[in-house]
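Let's start with one chain on its own, the form predicted alone, as structure tokens.
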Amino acid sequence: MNIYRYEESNKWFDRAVKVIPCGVYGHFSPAPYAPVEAYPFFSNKADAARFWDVDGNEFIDYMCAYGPMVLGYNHPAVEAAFQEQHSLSDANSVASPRMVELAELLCDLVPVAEWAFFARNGADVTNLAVMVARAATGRDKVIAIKGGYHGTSPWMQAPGHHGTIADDHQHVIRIPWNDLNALDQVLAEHGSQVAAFMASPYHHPIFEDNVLPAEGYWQAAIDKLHKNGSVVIVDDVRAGFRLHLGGSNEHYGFKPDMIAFSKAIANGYALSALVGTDALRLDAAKVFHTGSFWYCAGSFAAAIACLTTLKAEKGPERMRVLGEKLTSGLRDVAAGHGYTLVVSGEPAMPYLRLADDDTLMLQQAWCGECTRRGAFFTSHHNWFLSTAHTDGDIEKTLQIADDAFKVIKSEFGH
């Protein structure tokens, strides 16, 4: 099997570090990848469920741009909708009717949604959700989950991150996931100050197993928070539209007050949305939150096409089936080499971990060897399925995984 090399990618990175801090920054940077030499960092082309790096290497992509690609790169319906709108108007001095049409579509699709507000990044709308909750309650504190991620605004980052200060976190109280007793304790001590509770629909941290909500957890939490007069916010930026088109909360059977969406909403075009109940409409209207490109109409058109296509193709169901086939196949391949592959989270966006080495080095080596052979895996983050992945992609991926296990078996000796 061909082993990829990255000479051109490395040349581009050498150029990048001279003019860009870190060369490639944030979640695309080399920092979380190990072994770093197994990964490319620049791409020239993408189509369906694949991308090609600047060296011409072809990858079956299981990161899907870290979530935004849900129908496949260059999906014809999405591209046609964007191009048609873009040719007429994108950025403009007044709003586009496409914005209204998309809001109407979300209010039809998402049972919680009685209004919608649009921005560009996930953090735009998680920030807005907190502002709306504070406006509605007159309170300042937010309860969040330890290890939960809601963007890179200072209040969202873990204490000690560069550029943040202690005051950024003074109104954020972190509790363990699935722990109702911890929630009770916070409400007992700070209830009159708690504006909101924010969490992802299930716990999907990096570098560790993902955890689904315990039976009855969400409804019990909502009951406690509503009794306290607090607002419940679901950060569905990562999982939204992959588990259920009505919001991931519908998949788990509960109804929050607001839901933040982004990533998959427009199949790669920059867009995010906050939706909420009518009780919060006036407070959402009062909060000032805007951006230079938040009214660009092309992304609205792309989102309408994306969500319409996902509904017509029963996208969440297809991604679940594909994810189950991929993860069960990888488990079997791992077992054939004497390894135990732990799968957690949801099949449409699973987290995988080799249980045979608690240092993560074995897992990192295996993901790296798979990537060098054309299946783009990361070892630290959940993966993503799209409707563009095929049975053929999965079969080839299993062959790549088998070859990679042979390599690490030889290298690690266990």
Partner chain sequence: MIDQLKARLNLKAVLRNVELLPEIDDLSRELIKDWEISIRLSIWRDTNILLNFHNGRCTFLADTIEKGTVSLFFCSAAHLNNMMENNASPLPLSGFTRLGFLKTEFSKLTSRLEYFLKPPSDVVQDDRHKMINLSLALSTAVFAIPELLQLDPVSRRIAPQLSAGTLQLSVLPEGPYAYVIYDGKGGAKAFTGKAARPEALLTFRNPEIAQLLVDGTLDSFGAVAKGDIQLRGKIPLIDHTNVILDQIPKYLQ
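Numbering follows the first chain given and starts at 1. As the structure is a computational prediction, the values presented were derived from the model and not from experiment.
Another form, the form predicted together with its partner chain, is not on view; read the next lines as being about it.
Colleague: Would Val54 sit within 4.5 Å of its partner chain in the predicted bound form, counting heavy atoms only?
Modeller: Close contact is absent here: in the predicted bound form, Val54 is far from its partner chain, nothing within 4.5 Å, heavy atoms only.
Colleague: Can you tell me if Phe376 lies within 4.5 angstroms of its partner chain in the predicted bound form, counting non-hydrogen atoms only?
Modeller: No, Phe376 sits far enough from its partner chain in the predicted bound form that none of its heavy atoms falls within 4.5 Å.
Colleague: Heavy atom to heavy atom, is Val36 within 4.5 Å of its partner chain in the predicted bound form?
Modeller: Yes, contact at 4.5 Å.
Colleague: Is it the case that Phe41, even though its partner is missing from this view, gets within 4.5 Å of its partner chain in the predicted bound form, heavy atoms only?
Modeller: Looking in the predicted bound form, residue contacts with its partner chain include Phe41, since a heavy atom lies within 4.5 Å.
Colleague: Consider the chain as shown here, without its partner, and state which of Gly160, Pro97, Gly253, Pro76 has a heavy atom within 4.5 Å of its partner chain in the predicted bound form.
Modeller: Result of the distance check: Gly160.
Colleague: Which of these residues, Ala285, Ala279, Ala188, Ala166, gets a heavy atom within 4.5 Å of its partner chain in the predicted bound form?
Modeller: Selected residue: Ala166.
Colleague: Which one of these stretches, 43-51, 342-350, 64-72, 28-36, sits within 4.5 Å of its partner chain in the predicted bound form when only heavy atoms are counted?
Modeller: In the other structure, the partner sits against 28-36.
Colleague: Even though the chain is shown alone, can you say which residues of 6-24 have a heavy atom within 4.5 Å of its partner chain in the predicted bound form?
Modeller: Residues within 4.5 Å: Phe13, Asp14, Val17, Cys22.
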